[in-house]
Structure formats: structure tokens, C-alpha cells
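Presented as C-alpha cells, the chain that follows is alone, the form predicted on its own.
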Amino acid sequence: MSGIVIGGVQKSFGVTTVLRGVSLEIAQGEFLSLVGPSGCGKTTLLRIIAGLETVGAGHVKISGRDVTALRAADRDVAMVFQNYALYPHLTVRQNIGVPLVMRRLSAAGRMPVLGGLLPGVAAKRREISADVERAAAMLGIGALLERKPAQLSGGQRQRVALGRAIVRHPHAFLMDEPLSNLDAALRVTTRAEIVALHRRVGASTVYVTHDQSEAMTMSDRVAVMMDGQILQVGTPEAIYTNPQDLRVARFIGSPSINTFAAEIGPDGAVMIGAVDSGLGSTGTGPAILAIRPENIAPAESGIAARIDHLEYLGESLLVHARLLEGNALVICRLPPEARQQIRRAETIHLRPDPAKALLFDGAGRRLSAHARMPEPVHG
């Protein structure tokens, strides 16, 4: 396939193994996010794609070409770094034009005085200037071309870094935490701009972030990494609603998914203590039932808990409660009007929606489960 293909990539630094046989395919024109906690290996994988790190084993192909042994300059990829990596002494125009100057002009042609005397250099510089202006116009920074980085806001510097990446029309864009230095409001607007830019340019994009909201809102697909491995790859919807590993379920979603120690009985009924969860399974023995905050709600009977804290968010109400047995925290997301019916320190009963509940074994692997009609149990 075209795009980017990563096959069995392994990487160690000394005795520390960072990547453990990672394989991944990014289609041509796809926007894929690598998301995971700090230290999981996502930036190392991105640097391997870029050619800034070598592999211990495995291969990397870009647009059908094996680039594993090629240096970064020969891979035709553009990388946007967390710190923007702009040259402080150059103008915006010059910063964006750097990759074109390096590619199109010889070492002599790049010299300030001598270069202007060489045949063809002036024409090439005019072409470079025109390409820079087109990239700047696409990003809405045409009026900033003669400024230097110190005269720009964080968001403007980010656009300059993006301009430098797109101006050479690479086969792939690699972005490493590009929004982490921006404030919260600017991150929201800039991520929408990056997605719009990606659609206009059409190149494959690999986007590294620890921020799940960025990964979920920007991506065609999300790859969740932990401990040097990719646990699951899928659409944002599939990662959220159908995680195949408990670590994925816990990492994706805010507030985090609720988990309960459960037991699968001989008849397949999944019990949380003495409460029938309404879930059935073909297995038996200990299990973990996981349920998103929006899929568990107060009921006449169910899991007994005492309300610890109410968090009013305008569009919803988060109810933080402590289980009477075990004192574990559970959070449910309710409509905002529920604020009028429940009070802090009240005891309530919570029941998960069995159609939305997820079941995992003790090792965190997904178990097959189905909704069933629970026996009525009064708590």
C-alpha cells in the first residue's frame, strides 16, 4: 500500500527496550494519532519514521519505498516539533523557505553575495518566495512574513512551523505534540486548523500526543500505545465504545471508565457482589465489569453508593460517589436537571446499562458478553 508501513520495529536504548515489535499501516492521506502515556514509545516511533533514530529490527516504508536505511533528508517527510524549532534570527519568510533553499540551491547559491551572481539563482529564489507566500496564505500568516519569531504569539509560531512543513509538499507529515505549548483555548482552534490543513494537502499524517481529546477529535484512526506496544488501532468511535484491552478502556475517556470487581456465575450471570448487573457471559469466574460514566445511572435497586461530590458542567452533571462496599469511587454523568433531585451525602443505588457494559478477564483481555434480563435485587 502507499502511505507509511511499519513492520516489526524494535528499538532499545542500552538495556531498556522502548519498542517491542511495532507494526502499523497508515494509508495514503490518512490522519492517524499515536496516543499513550509519557514514556510509552510514541515519540521514538515517530523519530524512527522520520529517520532521526535507527531501528534495532524491522522496517519502515514510505509510499512503497523501503526507507529503513535512508537518512532523514532522503525520506521526503516533514516533521513539526513540540518547540517549533524556528530560527530566531530569520524572518517568517526565511523560516518557511529554509527547506526549499536547502533543496533547490547549491551551497554556493545559498551564499548571500556570491549566490546572487550565479546564473539561475535569482529565478529560483523568486520561485521559492512564491511558494512561501502560497503556504503562508493557506495558513493566514501572509501579513507576518517579515517578522521574526520573537515578534509572534505562540499560535503564530505554530503556523510558521506548519508552513515550513507543507511548503515542500512531502509524502508524509510527522507531528510531535505540536500543540502542547499553547493555552487551552488556542489548542482547540489550532487543532481544527491542522485537520483542515491536512484535508487540503492530502498527505499521510502521523500525530503524536498524550492528549486523548486531540487524538479523538482530529484523527481518522487512533493507535493506543503502552509499554512499547500498540494495544489497539481503530476509529475514535471504536476505541471509545469497543476497547479490546482494559488499559485502553481506562486510558481513553474523561472521566475515566468505572470498573467493578465481578463474578461470572455458572449460569453466565455477571454479578457485582450481590447485584445482578444484567450482563451475561459464556465464561465463569472472576472478571472486571467496566462502564462509561454516561452509561450508569441511579435506579431503584443496584450498587449502593454514597454521593461524595457533585460537579455541575452546564451540559451535564458528574456525580462522584463512593461504594458502600469497598469505598471505590464511581462517577456517573447525568443530565443537568438531575441536580435538583440528588444531594451530596445521599445514598443512592446505581445500575449500569448492560447493553453498554464491557467485560474483561483478570489480565485485562476483553471477554464476550451480552445484555440479559437481570433478576430484581433490592439493595
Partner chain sequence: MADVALSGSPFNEPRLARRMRGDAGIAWLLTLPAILAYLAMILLPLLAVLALAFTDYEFGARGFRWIGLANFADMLSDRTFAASIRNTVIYCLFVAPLSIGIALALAVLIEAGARGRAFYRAVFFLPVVSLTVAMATAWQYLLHPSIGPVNAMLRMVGAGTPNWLGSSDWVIVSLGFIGVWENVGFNLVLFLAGLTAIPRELYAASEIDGARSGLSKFWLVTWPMLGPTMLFVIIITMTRSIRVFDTVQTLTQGGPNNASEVLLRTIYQEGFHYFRFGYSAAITLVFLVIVLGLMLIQTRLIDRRVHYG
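Source: prediction; values computed, not measured. Residue numbers count along the first chain shown, from 1.
We do not show the form predicted in complex with its partner chain, though everything after this point is about it.
Candidate site formed by 50, 89 and 102: every one of these residues places a non-hydrogen atom within 4.5 angstroms of its partner chain in the predicted complex. Listed stretches are 272 to 280, 225 to 233, 212 to 220, 102 to 110; the contact stretch with its partner chain in the predicted complex is 102 to 110, by a heavy atom cutoff of 4.5 Å. Of the listed positions (184, 150, 130, 123), a single one reaches within 4.5 angstroms of its partner chain by any non-hydrogen atom in the predicted complex, namely 150. Residue 79 is the only one of 203, 179, 79, 166 with a heavy atom lying within 4.5 Å of its partner chain in the predicted complex. Among heavy atoms of residue 98, some come within 4.5 Å of its partner chain in the predicted complex. In the predicted complex, no heavy atom of residue 309 sits within 4.5 Å of its partner chain.
Using a 4.5 angstroms limit between non-hydrogen atoms, residue 196 is distant from its partner chain in the predicted complex. Among heavy atoms of residue 74, some come within 4.5 Å of its partner chain in the predicted complex.
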